[in-house]
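Next up is one chain by itself, shown in structure tokens, the form predicted alone.
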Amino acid sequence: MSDTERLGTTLDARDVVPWPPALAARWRALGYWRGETFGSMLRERAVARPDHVAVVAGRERWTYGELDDRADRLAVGLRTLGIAAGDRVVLQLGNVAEFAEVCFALLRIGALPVFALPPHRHAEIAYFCAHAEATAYVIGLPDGRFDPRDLAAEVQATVPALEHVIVAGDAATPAAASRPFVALDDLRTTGEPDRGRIDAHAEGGGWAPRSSDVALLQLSGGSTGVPKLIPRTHDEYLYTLRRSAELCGLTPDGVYLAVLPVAHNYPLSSPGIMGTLYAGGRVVLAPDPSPATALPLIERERVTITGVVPPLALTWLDAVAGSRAGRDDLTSLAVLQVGGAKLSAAVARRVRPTLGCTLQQVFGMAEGLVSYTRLDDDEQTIVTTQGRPMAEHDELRVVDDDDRDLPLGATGHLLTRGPYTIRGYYRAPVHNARAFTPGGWYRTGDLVRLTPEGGIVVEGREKDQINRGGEKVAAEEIENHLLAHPAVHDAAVVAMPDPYLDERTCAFVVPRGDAAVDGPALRRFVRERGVAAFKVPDRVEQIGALPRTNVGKVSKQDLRAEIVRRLSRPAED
């Protein structure tokens, strides 16, 4: 198998749709893919600027030299534990310094992180571990009343093949666990790591992956159930970091504040923490995104760029314009990125006068395509579009329901392909046949129109998915949980408008027989089935029968109109 066809030590074309060799050769010849790996990237930064601060998180303040060394020592420990190239490792850590350490250690030995989100619970984690055939699951410490160690014990019982649970902290093992947990601190070797072996490729007796190998598995937004897994190679993903850093003006003097959960693709790579490290800058990890936490961090660390979702942007703007005005020095902030959902033009126009920085709109997907407004765009372009694709060879099509190309300016379905957009999901041949055309175009599920200048204006989603403040909720997944309740005959979940999150979830429920719908009880039922908290319906409405289209499908359009009607009627009704 040629380098352009390599997928990873234990993966093949049944797992991952490979890049056609001729196309991979083209992207190399054009300079998109440069033969870099995550391990080599960090090593080069550490050699060039070993004493430059790389990661700040709470009391932790690691230089590039320290992060590089910690990644090496943990890589040795992971290999000793039995984790090898191609193994999948589900990673569920919040915004802590160990997130970067574990990522680079896994990437350095060719093991694949599977990026779970902090809110995910048993339904999602057990699926990720089973579907990816994960060797290990990495967790953090208790957060409030939630103890991830209890969740890990439950997942062990569901997925017996899961060999290791690694804890970034106290590895006290619950009685229900089938195997003892391992503390991350106990895995770091105390001896001097053999960096020659770590950096050498397998053919030379080393551990390092090839740049064409799959590096990691990201999560899709998911419109028909739990998220799909997205395989990204070192080649294509490192291009996104390099180009994102360029378009965001990042230099070694740049400071990126991560306020969103860094396992999301947006704060991970657009430019996110990885793009900042690629540029040799400093990453600051915020434990939460509130103005009370984030704004003082901007002042203290002299943050130059950060990324938020629209509801958070509005919260920050209100905080700065209101009671917090003048408390924090935000003059270092040059760029506020907003992505994850569409930002209204009215809110967009407030950014520059309120925060004194440039707004950069970001539109993209973990599957590939990323679009940015440019820092030197005029204000009208910045506030009214979601930017232009970042690569010269990104291709876009806007088509009708029959895949016929629409004229410029018409709204239609967005299709894309290019040097960093995947060719298929991980182990999903049936879904891939729907999501990709025979010519390699990815059906994004977005409804957009294009401006004469090449800008993208997002008009909505075609998929049955609710965008709850940047968190994607698959309606079908929650409907299946509701239908498991004995009092529920039928159910449909739709988006309802919300001034803060843009969309919240509303479940329309048809009761079984004479049963009554108890909204709080149904919400509690869904929560207890082990789903992430953001997926629990925000509102439950009883309905006699679900409206149907002419072909018998549930009319989600009618249900969305119905909840708007119910929300707008007088309280006495």
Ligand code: DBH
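Each residue number is its position in the shown sequence, starting from 1. None of the values given here were measured: they were computed from a predicted structure.
Below: the form predicted in complex with 2,3-dihydroxy-benzoic acid (DBH), not depicted.
In the predicted complex, 2,3-dihydroxy-benzoic acid (DBH) sits within 4.5 Å of a heavy atom belonging to residue 366. Heavy atoms of residue 472 reach within 4.5 Å of 2,3-dihydroxy-benzoic acid (DBH) in the predicted complex, making it an interface residue. Residue contact with 2,3-dihydroxy-benzoic acid (DBH) in the predicted complex: residue 265 places a heavy atom within 4.5 Å of it.
For residue 214, no non-hydrogen atom is located within 4.5 Å of 2,3-dihydroxy-benzoic acid (DBH) in the predicted complex, even though that partner is not displayed. Using a 4.5 Å cut-off to 2,3-dihydroxy-benzoic acid (DBH) in the predicted complex, not one of 139, 148 and 168 places a heavy atom inside that distance. Screening 359, 362, 116, 238 for any heavy atom within 4.5 Å of 2,3-dihydroxy-benzoic acid (DBH) in the predicted complex leaves a single hit, 362. Residue-level contacts in the predicted complex: of 103, 259, 208, 370, one residue has a heavy atom within 4.5 Å of 2,3-dihydroxy-benzoic acid (DBH), and it is 370. Only one segment in the set 290-298, 76-84, 116-124, 266-274 has any non-hydrogen atom within 4.5 angstroms of 2,3-dihydroxy-benzoic acid (DBH) in the predicted complex, and it is 266-274.
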